[in-house]
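The chain that follows stands alone, in the form predicted alone, written as structure tokens.
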Amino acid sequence: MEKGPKLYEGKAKILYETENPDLVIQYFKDDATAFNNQKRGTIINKGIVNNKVSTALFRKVEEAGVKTHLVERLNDREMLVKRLEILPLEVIVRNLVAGTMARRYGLEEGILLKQPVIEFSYKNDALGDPLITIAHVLALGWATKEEIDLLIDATEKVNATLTKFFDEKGFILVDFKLEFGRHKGEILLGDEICQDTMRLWEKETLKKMDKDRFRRDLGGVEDAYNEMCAIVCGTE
């Protein structure tokens, strides 16, 4: 698949056109950001790791019936995906209290929630990705009721699938965020699924194995990313 002109560059990825108007190439960068782009840095080979991990986890959730934008991983840093009209939403799943939820409500991190919480936020760095309600999404016309139902169903399947997968590997899936878009009118899971978009803790030690190591200057960022890549992808 030949790479064409650049369509869009975000904080972690670049999208390129291809000769097929329905497909784009998603390139994974090593750039790292946190706190709505207020903190910036580089994680060596993060793009390679996130491409591999996202490919593996997209395949895993597809087995559970969740449709994604993934077509194939092309090379170390590039993934061929279906072209999406991205919804201006982040869908966030919380299984334990951490991060923003802890700060927002003055709660201690690590509290196990009685049930998973699914939140919607408006995808806008300048505004700090504010929390919004389904009523807002409907009123603003960002998604229909049927599409919201699909988002929630797909998100629940992703959570159930990945929680079980990581639990069997000895890790707690604390929380994660998903992005969705429309492809020829169909809602698909897009973006990526990796340590950049989720919190993973070791069950035995509660050691953080995700981008919190970068956010909080904990050190060992590359080691954590590489270890999780080996666990998720095996010897691939």
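Because the structure is predicted, anything quoted here is derived from the model rather than measured. The numbering used is simple: start at 1 and walk along the sequence shown.
Here the subject shifts to the form predicted together with another copy of the chain, a form of this protein not shown in this document.
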Residues in which of 160-168, 147-155, 67-75, 98-106 have heavy atoms within 4.5 Å of another copy of the chain in the predicted complex?
98-106
Another copy of the chain contact in the predicted complex: E119, any heavy atom under 4.5 Å:
yes
My question is simply whether I86 lines the interface with another copy of the chain in the predicted complex - judged by any non-hydrogen atom within 4.5 Å.
no
Does another copy of the chain come within 4.5 Å of any heavy atom of V91 in the predicted complex?
no
Is I132 one of the residues lying within 4.5 Å of another copy of the chain in the predicted complex, judged by heavy atom distances?
yes
Is it the case in the predicted complex that T18, A34 and I44 each bring at least one heavy atom within 4.5 Å of another copy of the chain?
no
Residues in 129-167 with any heavy atom within 4.5 Å of another copy of the chain in the predicted complex:
P130, L131, I132, T133, A135, H136, L138, A139, L140, G141, W142
